[in-house]
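Before any questions on binding or motion, here is one chain by itself as structure tokens, the form predicted alone.
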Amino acid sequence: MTRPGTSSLAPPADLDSAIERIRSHGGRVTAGKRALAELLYAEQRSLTADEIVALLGDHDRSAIYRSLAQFEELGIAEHLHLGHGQAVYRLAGLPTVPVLCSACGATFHINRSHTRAFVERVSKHTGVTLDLTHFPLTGTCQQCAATIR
């Protein structure tokens, strides 16, 4: 099982800040890294590694994986698991929490602020602080629930 990125850095505010972060931590900003960062900032949605490779076209798959790992370490990107499929990657620090229908696989996003009371209640009763990024909240969407009844 993969682990969420261990970066304690706040997510960069924009593409230029992300590029500067790569440089300031000793990394080279290659054409592939720049293209990946531009894609993540342009899309601002979760993408599988296969989707990223397809969207970036002529960039090396293994270099993309290495760049994604570096971006996680630098707090630029994060990966999460939506059900039993591939991990997906997105910009770190997005204000949303993924919610997955475990029946049809549809993904929804709710504002993180709407989960605060729930996170606090779980922490109060268990001492566990929830990470609502690495794994989504799961359940059954209204459409699937209607067909199950």
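Predicted model only: the values in this text are computed from it and were never measured. In case it trips you up, residue 1 is the first one in the sequence shown, and so on.
There is another form of the same protein, the form predicted together with the DNA; it is not shown, and what comes next is about it.
Colleague: Would you please decide whether Val29 lies within 4.5 angstroms of the DNA in the predicted bound form, comparing each non-hydrogen atom pair?
Modeller: Yes, contact at 4.5 Å.
Colleague: Given that the partner is absent here, does Ser46 sit within 4.5 Å of the DNA in the predicted bound form, heavy atoms only?
Modeller: Close contact is absent here: in the predicted bound form, Ser46 is far from the DNA, nothing within 4.5 Å, heavy atoms only.
Colleague: Is there a heavy atom of Leu39 no more than 4.5 Å from a heavy atom of the DNA in the predicted bound form?
Modeller: Contact check for Leu39: no, nothing within 4.5 Å of the DNA in the predicted bound form.
Colleague: State yes or no: in the predicted bound form, is some non-hydrogen atom of Pro95 no more than 4.5 angstroms from a non-hydrogen atom of the DNA?
Modeller: Result no; Pro95 lies far from the DNA in the predicted bound form.
Colleague: In the predicted bound form, which of 137-145, 21-29, 123-131, 8-16 comes within 4.5 Å of the DNA (heavy atoms)?
Modeller: Stretch 21-29 is the one.
Colleague: Within 4.5 Å, heavy atoms only, which of Gln70, Ser102, Thr107, Thr115 is in contact with the DNA in the predicted bound form?
Modeller: Selected residue: Gln70.
Colleague: Using a 4.5 Å cut-off on heavy atoms, which residues of 86-103 contact the DNA in the predicted bound form?
Modeller: Counting only heavy atoms within 4.5 Å of the DNA in the predicted bound form, the contacting residues of 86-103 are Gln86, Ala87, Tyr89.
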